[in-house]
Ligand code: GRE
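A single chain comes next, written as structure tokens; it is the form predicted alone.
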């Protein structure tokens, strides 16, 4: 398919390499990934070869979320966004941007979001999971302090991409002795899906019904777990939501194909949430761009659905 729009593609810039995690990479493989994070020309050549018209770029994991010092997180988020704005300005027809946000300070995150959307034309924000805070804790975004950020997202009419990271170090006992299960093999999806559930069950989407979130990797297990969860939660009298968790997934979330080129999962998503809520992504360069693109071009779905997922949903959502 020509004209695809890839919505979870990552970058870094000189001086920001410390913000990118090397979890699960052999040194030679990581050197290639790190080079491609900064190589604009090779990225464009691959996009041309694979029929990708535009890519929405974001700072790779774990970004500023791993920086516990609030002032330093604010500074590094600003630097990352300025670097990304330069790349987008050089290639405005090929790239768009998601803002990195210093979620360690919710008001500063809201201000940085507005700056990036209004000054740079960014299409929303991508945040790499919970944020570390001084003292060794973790800040999850169902906290009431984030309401100003959610209000700003709705006012600006842009989405929030909840991207994975590993669980907090204090929460990894189940992975002890099995480091192969950390990172994208398993722990990323469990952590991100659970974080998304915190947002859903907190009543976030009842307070902000027009808020839009994006999750990747064909839904971080959620589409296939929510029916069971919703059925059991219906028996919990202390949980008061206006809709079922599955309805929030269908109405307030978009789900991308990033890094998960699995046909049966995509068919399941079409049945569970419908083609209008799905977006194409390759997760480059942490995954090979060609793997995601060639799979998507040939996956056995209808051509109208391919056009929606590969292009038109992104055009509508991001105002492209």
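None of the values given here were measured: they were computed from a predicted structure. Positions refer to the first chain, counted from 1.
Here the subject shifts to the form predicted in complex with the ligand, a form of this protein not shown in this document.
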{"property": "Output flag, 184, 188 and 286 jointly within 4.5 Å of the ligand in the predicted complex, heavy atom basis", "result": "yes"}
{"property": "Contact label in the predicted complex: residue 123 to the ligand, heavy atom within 4.5 Å", "result": "no"}
{"property": "The ligand contact at residue 67 in the predicted complex, heavy atom, 4.5 Å", "result": "no"}
{"property": "Distance check, residue 269 to the ligand in the predicted complex, heavy atom within 4.5 Å", "result": "no"}
{"property": "4.5 angstroms heavy atom contact with the ligand in the predicted complex for residue 61", "result": "yes"}
{"property": "Neighbours of the ligand in the predicted complex among 197-228 [non-hydrogen atom within 4.5 angstroms]", "result": "217"}
